[in-house]
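This document starts with two versions of one protein chain, written out as structure tokens and named structure 1 and structure 2.
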Structure 1
Amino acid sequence: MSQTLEQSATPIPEKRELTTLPRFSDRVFRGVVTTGGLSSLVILGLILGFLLYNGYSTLRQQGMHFLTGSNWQAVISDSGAFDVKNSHFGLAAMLIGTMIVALIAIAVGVPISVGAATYLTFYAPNAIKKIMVSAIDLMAAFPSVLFGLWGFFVLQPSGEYWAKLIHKYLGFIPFFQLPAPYVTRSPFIAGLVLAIMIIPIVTSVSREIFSQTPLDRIQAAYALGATRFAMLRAVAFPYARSGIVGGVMLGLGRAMGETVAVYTVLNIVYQVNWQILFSAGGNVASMILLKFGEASPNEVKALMAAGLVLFILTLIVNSIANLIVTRTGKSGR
């Protein structure tokens, strides 16, 4: 006892450290995780940087012609060197082609997807719903080369017949005219294949938005004596409208960047072609794949610039889509 009293004369132990500062291990952890998290930023930046670095010379030589011109000629002069003056790289034909094919896909695919999502959310019995949702999700995982081959061998024969029908009965509309009776491998068929490829993504986004429709509003509509269609028109569709627009934009982004499927079912000709039933067209991605094989180093640079344009386009479309979808998701809670 006396000993402890003597010892109490020794100075009081230091105050324990009370701090909200993270410990060393946590600081390392946060550093590592933040670095990992920032990698998406780094990768997107690197993609932009490298494509710009490689495509810059083409972009400078061609200027605005790269976006507005529609001829693609890599001229090699007699001495075997690359002829800068006579080479023309104009992406307009393929940009228009990209938009045409993607818009056909949207026009065909979106009504089907939204209808399917409506059925799955508001009509389907549980057992059917489970199977159908699994099937459509599985379809999202199908490789694009499979869609390409299926489109080429299975869809194309039917598609040609439909194209002829459309031409016969709606041929007076400029889009459906044919300069020559060739309807194989047309933008129309490529659009149909892309429509099938975007069905899973548009369906699942729409389904998600539909399922967030506030239950009280649905029940209020039913309580007022609405039929199911009246409820959908008054409650679900207005609620989900902007979210579905977002889903459609996501589908558009996917349709614009598709390479292999389009390459398989489309006869890629470098020209502006508004006649969607005619066997000529293309999109930027498939054109890059087509030209890449035999491209000279200078043409590769032009293709890099084309890839840069495609990258920026899809990035813009996807960003708008994601902004819309995220916002809709929040307003529902």
Structure 2
Amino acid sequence: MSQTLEQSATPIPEKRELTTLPRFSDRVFRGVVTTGGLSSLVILGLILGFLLYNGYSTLRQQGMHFLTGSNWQAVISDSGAFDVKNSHFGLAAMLIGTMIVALIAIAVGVPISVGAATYLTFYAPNAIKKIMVSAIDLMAAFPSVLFGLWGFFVLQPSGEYWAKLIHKYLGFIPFFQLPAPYVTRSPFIAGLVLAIMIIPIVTSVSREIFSQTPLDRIQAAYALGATRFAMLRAVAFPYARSGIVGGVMLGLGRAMGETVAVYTVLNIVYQVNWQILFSAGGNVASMILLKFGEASPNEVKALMAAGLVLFILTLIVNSIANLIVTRTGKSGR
């Protein structure tokens, strides 16, 4: 009997050798991912080097006046040569105008985006949700020139009415004053167009973050007797805070670097304009587009320097966004 049991027993397998050496497929995948990540850094470095190489001469000649001055004037002497002494390139008005238009877009677009993401995640029926999500994703793929044309022919007439209404009731605030009755192609109109452009981006990011809210926390809030609004305030919004901030900063970067749409609906004027309803403003990217076609070789270098400043400004905004996301993520989750 014992011999039969010994013969029918399963033989003990040999010990398997444990190793930390990754498989060939893992090594290939890691190499591809590492190459892709490093290539993006290399491309950014090459862009930075190209802008610095072409714009350094202008930055050296103009000095701090390039960031503090608002006069953009390329003078050609009688002999046809570029007059270095009498040429002045100042970017202050365009930088201030870029920030004003981008802040208008954020102030208008972010509440709409967060509200739309909240509705799609926690309130909308499935049938409506599928249609709206598809429409929002489709809007994110629209080229900027379509937004610019739509803003010029459709949004601008309605925007004029709202601008006059804001001036009528809020004209005592310096930002809403009008030195002259001209409200077309103003920073207010450009900000509204950019707000429409960033709404799909911020909405998609916010909706994705809301959908990752832990279900056990939501159910726990309902079990304690919380209403849906109380659940959103106590659970969903604190959890999604860092993701919402990241989406907002992503939209801010899109608004700061937008060119064609802003160029279509904004009257580029080389002076600082704090009255957002008045038909005068500035934008670095649109100014580069406006000047590049007719620029002399030396003015092209000045435009490259302007692109370098915008590039660095965008990097600073993204760095601040990463810092805010890190801090809010620790406190919210």
Partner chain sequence: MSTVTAQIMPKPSKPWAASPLDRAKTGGIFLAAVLASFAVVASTPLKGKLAYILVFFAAYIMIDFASTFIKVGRQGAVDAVFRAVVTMAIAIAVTPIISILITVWLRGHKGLHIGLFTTDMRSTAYTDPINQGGLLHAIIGTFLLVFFAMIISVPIGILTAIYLTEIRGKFTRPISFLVQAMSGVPSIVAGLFIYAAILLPLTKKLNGIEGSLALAILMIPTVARMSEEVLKLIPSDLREAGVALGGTQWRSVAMVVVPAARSGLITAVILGIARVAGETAPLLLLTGGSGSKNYNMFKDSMGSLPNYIWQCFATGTPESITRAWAGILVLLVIVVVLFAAARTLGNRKVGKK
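By rigid core we mean the largest C-alpha set that fits within 1.5 Å across both forms. FYI, numbering is relative to structure 1, first residue = 1. This structure is a prediction, so every number in the text was calculated from the model and none was measured.
Structure 2 is taken from the form predicted alone, while structure 1 is not.
Core-superposed comparison between structure 1 and structure 2: CA of residue 60 displaced by less than 2 Å.
Relative to the superposed core, residue 297 undergoes a C-alpha shift smaller than 2 Å between structure 1 and structure 2. With a cut-off of 2 Å and the rigid core superposed, residue 29 has a Cα displacement that reaches or exceeds the cut-off between structure 1 and structure 2. Per-residue C-alpha deviation between structure 1 and structure 2, core superposed: residue 39, 2.6 Å. In this core superposition, residue 319 moves its Cα by 4.8 Å between structure 1 and structure 2.
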